[in-house]
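Just one chain follows, in the form predicted on its own, and it is written as structure tokens.
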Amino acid sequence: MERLERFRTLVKELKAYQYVMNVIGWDSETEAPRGAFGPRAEVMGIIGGEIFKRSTSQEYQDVVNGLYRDIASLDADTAKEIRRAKKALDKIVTIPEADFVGYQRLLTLAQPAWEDAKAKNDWAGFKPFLADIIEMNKKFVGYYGLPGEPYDILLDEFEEGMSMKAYDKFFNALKKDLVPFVKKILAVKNDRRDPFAEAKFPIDNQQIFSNYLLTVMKFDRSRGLLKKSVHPFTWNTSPADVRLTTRYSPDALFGSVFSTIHELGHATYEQQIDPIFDATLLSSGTTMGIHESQSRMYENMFGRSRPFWQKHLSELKRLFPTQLKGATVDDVVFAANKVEASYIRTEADELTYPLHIMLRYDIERMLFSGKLTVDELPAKWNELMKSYLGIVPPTDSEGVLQDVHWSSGLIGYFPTYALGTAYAAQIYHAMQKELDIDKLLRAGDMGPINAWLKDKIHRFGGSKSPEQIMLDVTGEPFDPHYYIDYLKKKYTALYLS
């Protein structure tokens, strides 16, 4: 079909421009000098302008709309791709080019502004950037002219089909069944020594261990690499180029360990997508919820487990012999799963983690409903921290400034962390029926686990919906009670038995 061939050519060209944008973005977040960001914003604006012109050209519109009219004649994967293209096209054609390009510049400048503000505990330095980002997102949603609440439209961009109504149902199940259990565990008195909280861990050796993790978890270094950044993230353009970052602090060894394992979950997903999708719009993970299911499974179900540390504690002790002298597997399992109210989401324990997500979800929906202004944000953040976790951050750097997402324009992303973790528990339950996961982790053999996930989830890229993946992998629709039951079983054994 001539029209489909032309579509493929246009998509290939668009993806090439997006690749350039992504490489510049990667460089911005890893090693670009601070003085580069002014000129860089101009470059990003120019390239963003080219992407906009190509994404809204009459030729592209004619091709996409023509294929959409004939969608019944297309194979399932191509039809999925055209629906995705049509949905994106119907949005972007409503945006004036000046606003689209201006937003690219804004995000380029917001990134270093956030990094500086976080480092200096300077909310005032970042506030105007965030205010502009929020207003631009409201403006874009207004341009779209779609029915429904503005925040629902943003939620759908990260997890198609999800809305405040759907998330409320999910979070209400957690609040009803999980929050009382969290409070019960937090009330348990435990004076056990935690060697990981008492020592300083040189960053050089933390970097060695992070690279060790890439090796033992079977990350293909010929198609990816690891660097450090202020906030860990994974970046990719195809299975042949998948990059991840982590962060290091001498006071928080587990911060780097579990950030690295978390990002390895994302990166492994991307490396294992079938290359047949490379030149299509289905070349990445299907939604952020499913993506987070993989990162949270790697981090929590694998990385915080006893079998994992039965295999890998010896390497950690080799790198930190003084700090971890006498530390046992019991010590590391306790420390890796210690429950406590904490300020930083990325360092939160597995049990209290969803409360951090509920806080951000509540704040975002208030910002977009008009019930909260950016000026009021730090006070509301602290109020909700007190309500959910019983603590108040001593600084904005440990509170409202801690996450990279808003400076990147990722409004509506946060709920996928909790949803993805719940997906992970149900997928893990299904995996246990087919693999002896504990035995494999004790042996340090991630091969069969990665292969199972590739066969069931990864290879399909964006060609399947979350609903279809959950049905195909687990044999039933998504059910958050697998997550609740998993947490109750695990932490009852750790704290109440």
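No experiment lies behind these values; they were computed from the predicted model shown. Just count from 1 along the sequence shown to find any residue number.
There is also a form predicted in complex with another copy of the chain; it is not shown, and the following applies to it.
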Residue contact check: residue 224 to another copy of the chain in the predicted complex, 4.5 Å heavy atom: yes
Though only this chain appears here, would residue 243 touch another copy of the chain in the predicted complex if you measure heavy atom gaps against 4.5 Å? yes
Wondering, does residue 17 line up within 4.5 Å of another copy of the chain in the predicted complex on heavy atoms? yes
Decide whether residue 26 counts as a contact residue for another copy of the chain in the predicted complex under a heavy atom distance cut-off of 4.5 Å. yes
Among 455-463, 38-46, 55-63, 431-439, mark the stretch whose residues have heavy atoms within 4.5 Å of another copy of the chain in the predicted complex. 38-46
Judged by heavy atoms and a 4.5 Å cut-off, are 115, 135 and 213 together in contact with another copy of the chain in the predicted complex? no
Heavy atom within 4.5 Å of another copy of the chain in the predicted complex - residue from 467, 70, 31, 445: 31
Going by heavy atom distances of 4.5 angstroms or less, which of 238, 382, 337, 104 would be at the interface with another copy of the chain in the predicted complex? 238
What are the residues of 179-205, in order along the chain, with a heavy atom within 4.5 Å of another copy of the chain in the predicted complex? 204
